[in-house]
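Quick heads-up: it's one chain on its own, the form predicted on its own, in structure tokens.
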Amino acid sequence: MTGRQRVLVTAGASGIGECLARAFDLEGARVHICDSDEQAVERMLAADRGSITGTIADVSDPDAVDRLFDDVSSVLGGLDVLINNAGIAGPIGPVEDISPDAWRRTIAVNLDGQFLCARKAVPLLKSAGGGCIINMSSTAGLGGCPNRSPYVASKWAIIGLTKTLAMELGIFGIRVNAICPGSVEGERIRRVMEADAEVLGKSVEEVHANYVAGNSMRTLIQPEEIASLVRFLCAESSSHITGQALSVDGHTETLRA
């Protein structure tokens, strides 16, 4: 890839996605985000004063994804990097208490959204002569996690999708990798901890302590660490890294809250 990278970050208006978008922007890339949170998109675009562009879109909606890529083509004139970051935590509880609707919604956002974006991005990446797709999985995609069956199932599936796309697209110079974060500091993991505490009958402080104790470094992960790895994987220096599921997790020992 030559010149300024053209980058799409899904769920790019907050959390890890916002950190990713800002990291690429600081490196001089042309960045477009999407997010289903209209207010968050408006706040981010206003704060960046035009250096980042955006579309309000729910990636689980095929029509919304079509509109998103119309915007990407119009605003960026093509694409070099797709970061499939959008995802939800899904319901928390034993499998017998998970409703079919909650299951389907988790799969729709976490897995279907990545498929829908990839199928629209690939023709643009081929036209660009190559590029990168980064799919956000999780350490939950490498092992089980009680009371998180929809989320875990979606994150395992993302790794299978990643490896398959790497096989399909390598001959076109398109590299596809998955990132498997551990528990990342921020509002989202706090909400998950609160839900876990309610299901388990524990305090939020107890759940937090168990999350921290769940990896060898006894710490939560910072979103900037995820952004650093993604930037490396989208650079020429990693030109032969593809089909990988790479953890940033302090070495997970247990996913049990």
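Throughout, we count residues from 1 along the sequence that is shown. Owing to the predicted nature of the structure, the values given are computational and were not obtained by experimental measurement.
The form predicted together with a small molecule exists for this protein as well; it is not shown, and the discussion that follows is about that form.
Go through D58, E206, E27, E225 and name the one with a heavy atom inside 4.5 Å of the small molecule in the predicted bound form.
Looking at D58, E206, E27, E225 one by one, just D58 meets the 4.5 Å heavy-atom criterion.
One residue of A86, L165, L116, L76 in contact with the small molecule, assessed in the predicted bound form (non-hydrogen atom, 4.5 angstroms):
For this set of options, the contacting one is A86.
Should the three residues R4, R22 and S237 be counted as contacting the small molecule in the predicted bound form, with contact defined as a heavy atom within 4.5 Å for each?
Heavy-atom distance to the small molecule in the predicted bound form: none of the three under 4.5 Å.
Taking the small molecule as it sits in the predicted bound form, is R105 near enough to touch it, meaning that at least one heavy atom pair lies within 4.5 angstroms?
Judged by the heavy-atom cut-off of 4.5 Å, R105 is in contact with the small molecule in the predicted bound form.
Can you check whether L169 is within 4.5 Å of the small molecule in the predicted bound form, heavy atom basis?
L169: no, not in contact with the small molecule in the predicted bound form.
Considering only heavy atoms, tell me if R191 and the small molecule come within 4.5 Å of each other in the predicted bound form.
Yes, contact at 4.5 Å.
With heavy atoms only and a cut-off of 4.5 Å, decide whether S51 touches the small molecule in the predicted bound form.
No, S51 stays farther than 4.5 Å from the small molecule in the predicted bound form.
In the predicted bound form, which of the stretches 121-129, 169-177, 91-99, 78-86 has residues with heavy atoms within 4.5 Å of the small molecule?
That would be stretch 78-86.
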